[in-house]
Ligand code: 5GP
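Before any questions on how it binds or moves, here is one chain, the form predicted on its own, in structure tokens.
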């Protein structure tokens, strides 16, 4: 059973700024006592990423062995790379009374909700689908084909928004951090349904 800590789960399409938002939250004094649940991945580190801080980087073979041992709370394969969350790590952090923040995809969020019904699920999006496409193009970190795949996946992910409790529209970082702090610390924020007409206009 989970006990005195709290768990907040963020999901977002690639390019929505989820990682930047989490880093800003952890640096905010209001989030004292909040920790990030570092996931495992089989992908190679990007420039500037640190093992054990951004991800626990392991080989595909090691990741599959961890799956066989039942060590993951949830795991997924995305674009040929594995990502997963250590169940023992999350349970230890919660048991110690920490506020735990983690990020997973939509499938992972469903698994977390099944294992921890009290978890707060947050969906993060840019102000529009067009803004998302522009952000992906501006990163210059992957091919046009891969960016197109990510946009297609984003459309499918937004269709699952009803499983989430809260929505953050990441247009202004400071405002988004304020919203996330309210969710993590007080359990209060904007519902995932969004403001009137938001989702209707998102793909225009």
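Just so we're clear, the structure is a prediction, and the values are computed from it rather than from any experiment. Positions refer to the first chain, counted from 1.
One more form of this protein, predicted in complex with guanosine-5'-monophosphate (5GP), exists but is not displayed; see below.
Participant: If you check in the model of the complex, is residue 157 within 4.5 Å of guanosine-5'-monophosphate (5GP), heavy atoms only?
Facilitator: Residue 157: yes, in contact with guanosine-5'-monophosphate (5GP) in the model of the complex.
Participant: If we define contact as a non-hydrogen atom of the residue within 4.5 angstroms of the partner, is residue 39 a contact of guanosine-5'-monophosphate (5GP) in the model of the complex?
Facilitator: Yes, contact at 4.5 Å.
Participant: With heavy atoms only and a cut-off of 4.5 Å, decide whether residue 104 touches guanosine-5'-monophosphate (5GP) in the model of the complex.
Facilitator: Because a heavy atom of residue 104 falls inside 4.5 Å of guanosine-5'-monophosphate (5GP) in the model of the complex, the answer is yes.
Participant: May I ask you to state whether residue 83 is within 4.5 Å of guanosine-5'-monophosphate (5GP) in the model of the complex, using heavy atom distances?
Facilitator: Close contact exists here: in the model of the complex, residue 83 approaches guanosine-5'-monophosphate (5GP) to within 4.5 Å, heavy atoms only.
Participant: Each of 18, 46 and 108 near guanosine-5'-monophosphate (5GP) in the model of the complex, meaning some heavy atom within 4.5 Å?
Facilitator: Every residue of the spot touches guanosine-5'-monophosphate (5GP) in the model of the complex.
Participant: Scan 53 to 75 and write down, in order along the chain, each residue with a heavy atom lying within 4.5 Å of guanosine-5'-monophosphate (5GP) in the model of the complex.
Facilitator: Stretch hits, in order: 55, 74.
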